[in-house]
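Let's start with one chain on its own, the form predicted alone, as structure tokens.
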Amino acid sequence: MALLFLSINDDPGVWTRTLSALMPGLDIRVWPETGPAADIDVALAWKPPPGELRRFPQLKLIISLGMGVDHLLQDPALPSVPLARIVDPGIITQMAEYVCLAVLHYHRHIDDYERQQRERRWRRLPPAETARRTVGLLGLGAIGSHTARQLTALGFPVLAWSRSSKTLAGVDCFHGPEGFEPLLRRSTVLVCLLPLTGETKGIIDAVTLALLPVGAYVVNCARGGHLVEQDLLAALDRGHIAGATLDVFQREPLPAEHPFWTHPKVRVTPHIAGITNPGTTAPQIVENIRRLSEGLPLLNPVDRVRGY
């Protein structure tokens, strides 16, 4: 069994050592030094060049090196073989931490206090009322559900919207087109945790932003394609949206000339809300390779039609 590791963002040495320790004898090839293309059975990939995976005629499985698979499905030449994704407890925890940090940052007026520090001003702002800071989550999968639990544990009222009907204790759940507007109108912080699909691309646009309460905040740590960037800038500039924390962008790395870098109401991080950890994800990758070789059902298979 030969596995191709293809990612320009990750250290191949760490992955090779971790996978080899769990599955001694696994033949691991690191792109672009693939050897004979016909040797490759499995590809472990993150943002492969379009058409690249089609070069391997014996490919039997593609595993996304992350919880999202939009980076694979956007390739029209992607081989018609099974896809699997990583569902990593480490990423889930990191994403929830990132969202809680962003919500608390705005809730406790940290932007204002940082501004006061620069001005050397000593002034207390009115205390924040947690029960009045309603957080709306777009997405109630593994990441969204865990994030909702962490936010409710902090005392925030939490709303959640998903494609289909779901329930979660302590969370007001909405679904489908009819549930979208009611969630937006009550969300003082809107958080995007959706998979990127044809249905969710550009979901945070001028119409969505206008439905949020005046002074609401936006947090996007899902995919840059969810957000219409110019619409957010316009909403920030006219004061309808008070601030945004953004970890993902239409173009990455974010171009140096992009207005997000210097906008006073935008906080930028370089796609670090959830980083894949070889130590916590390699076991399920190895398990899927074993299942493939034994003809067993895969862990975390991807429905290409739904996009996740």
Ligand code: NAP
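Numbering starts at 1 and runs along the sequence shown. Since we're looking at a predicted model, the values are computed, not measured.
Absent from the display: the form predicted in complex with this ligand. The rest refers to it.
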Here the chain appears without its partner; judged in the model of the complex, the stretch of 151-159, 211-219, 229-237, 189-197 with heavy atoms within 4.5 Å of this ligand is 189-197
Is residue 81 close to this ligand in the model of the complex, meaning a heavy atom pair under 4.5 Å apart or at it? no
Can you tell me if residue 308 lies within 4.5 angstroms of this ligand in the model of the complex, counting non-hydrogen atoms only? yes
Is residue 73 close enough to touch this ligand in the model of the complex, meaning at least one heavy atom pair within 4.5 Å? no
Even though this ligand is not shown here, does residue 104 get within 4.5 Å of it in the model of the complex, heavy atoms only? no
Just one of 47, 54, 271, 263 has a heavy atom within 4.5 Å of this ligand in the model of the complex. Which one? 271
Using a 4.5 Å cut-off on any heavy atom, which residues of 144-172 would contact this ligand in the model of the complex? 144, 161, 162, 163, 164, 166
